[in-house]
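What follows is a single chain, given as structure tokens, in the form predicted alone.
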Amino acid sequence: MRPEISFLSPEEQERIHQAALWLLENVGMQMPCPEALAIMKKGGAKIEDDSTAKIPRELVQYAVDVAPKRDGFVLYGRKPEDDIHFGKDTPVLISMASATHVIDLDSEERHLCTSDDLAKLVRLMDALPNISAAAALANPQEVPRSTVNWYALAILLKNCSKPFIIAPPGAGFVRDAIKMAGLAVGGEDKLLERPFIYFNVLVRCPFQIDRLSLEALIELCRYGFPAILGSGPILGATGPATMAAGVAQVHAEMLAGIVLTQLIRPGNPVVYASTGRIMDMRTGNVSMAGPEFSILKGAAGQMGRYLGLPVKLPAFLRDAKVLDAQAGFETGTVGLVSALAGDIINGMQFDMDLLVDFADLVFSDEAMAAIKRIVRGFTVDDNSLALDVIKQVGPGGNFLKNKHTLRNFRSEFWMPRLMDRRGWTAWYADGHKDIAKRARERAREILAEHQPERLAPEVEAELDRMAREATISYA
């Protein structure tokens, strides 16, 4: 069976759910978008101060009932072999988005991300088997800030065939993204049959969704694209300082978004996501990898599963600045908890989400492979118990030569590709390289060898034109 992790008892989950319902009835969600408010009002919400929707629990229950559940949920890739089937293929690792800096692969110096950097990062994600979906891990800083999402999407489409996740700055971007992705597969009609781009819409904590995000959410639901909703209060700043209240806030904000999606288009796919974290009260910085981050991820994952929805939990986000022992510890602790509690985990950034290292993608791919092996657990049957084999070998025997070992070790034992299990002498003679150096060398090899499936030259030229000609007026 698949192992599980619990921070909340069934009774505590129910209490948090009831607290979230109370918050939606008494605090409500601020939605400064006339169309969204009209939709909520028609559905039965009470509108106050011309911007806040107070949502009755009966409306929440309707939305939860009609939202598609985790079983049978599929995130399509451009090719069927890249599809993500929830329950069967999960947990999976995808990339975070919108960092500003990268660590140069050769000089190892930090610099502002360029379009060429992003293209290389995306090519790495396309090649690495345990990264299942891509995003603009870092935004190019030399392009206009107002239209960076268009440039990022063009780069994604030209360099990766896996599913994409991207944040939509308004309804205009959603429409353009559909046009751009349609070009890659031969038409918008084919894209709508197998949508492989997914839009990430974030709550502005506490209890707000901004106008552009609301307009984007309305537009993407009308097309039938899955909505990945995310709530990320900073406990002690944009959320209360206690874990229970923080989880209740996340749950309430997620429920409000789910209600809107189901009123726009009943049955529209939706993913439950939480980026809840804490403020470090000594520095004023936000901690993305402390023990509280693990607790919040685990509890939020339980609340998403409580609703029966697929769950996305940012995890491979590190307070560390480089790929060092701190980064390894933070990856393992938060990553494993999130993989046990959710379906999609994402990250691969340092320094409070601002910095990306090419070597880290290779390291994260390896770490995810190990985590997936833990989450897979093991079966108990006649073959795995191997009673006859144990009897045959007997006391003091050796199982190395037994055929049962030959038949089973490949499926039972995880074999690392990057992590070093050799003895000191062999490791030292081979250059005594730490894991960061080995990962950096492997990243260079991949970029030298791997080429994604290219689009037709005229399609790539059209994608570039759409990015250049995009204007902020689209938002």
Partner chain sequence: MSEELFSGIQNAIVELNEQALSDLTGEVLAAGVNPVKVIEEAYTVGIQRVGKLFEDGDYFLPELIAAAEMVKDSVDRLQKTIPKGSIKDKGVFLIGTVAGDIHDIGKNLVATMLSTQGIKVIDIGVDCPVDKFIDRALEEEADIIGASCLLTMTAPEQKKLVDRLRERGLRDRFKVIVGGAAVDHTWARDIGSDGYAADLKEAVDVALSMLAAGKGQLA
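Note that the coordinates shown come from a computational prediction; the quantities given were computed from them, not determined experimentally. Numbering follows the first chain given and starts at 1.
What follows is about the form predicted in complex with the partner chain, which we do not show.
Annotated contact segment (heavy atom within 4.5 Å of the partner chain in the predicted bound form): 278-286, selected among 313-321, 278-286, 127-135, 75-83. Contact annotation: of the candidates 90, 302, 238, 261, the single residue with a non-hydrogen atom within 4.5 angstroms of the partner chain in the predicted bound form is 238. For the options 249, 331, 149, 95, the one in contact with the partner chain in the predicted bound form, meaning a heavy atom within 4.5 Å, is 149.
Residues 100, 169 and 354 are all found to lie within 4.5 Å of the partner chain in the predicted bound form, as judged by heavy atom distances.
At the 4.5 Å threshold, heavy atoms of residue 204 reach the partner chain in the predicted bound form. Put simply, residue 393 is far from the partner chain in the predicted bound form: not one heavy atom of it is within 4.5 Å. Under a 4.5 angstroms non-hydrogen atom cutoff, the partner chain in the predicted bound form lacks residue 244 among its neighbouring residues. None of the heavy atoms of residue 295 is located within 4.5 Å of the partner chain in the predicted bound form.
Looking at 126-146, the residues that come within 4.5 Å of the partner chain in the predicted bound form, counting any heavy atom, are 141, 145, 146.
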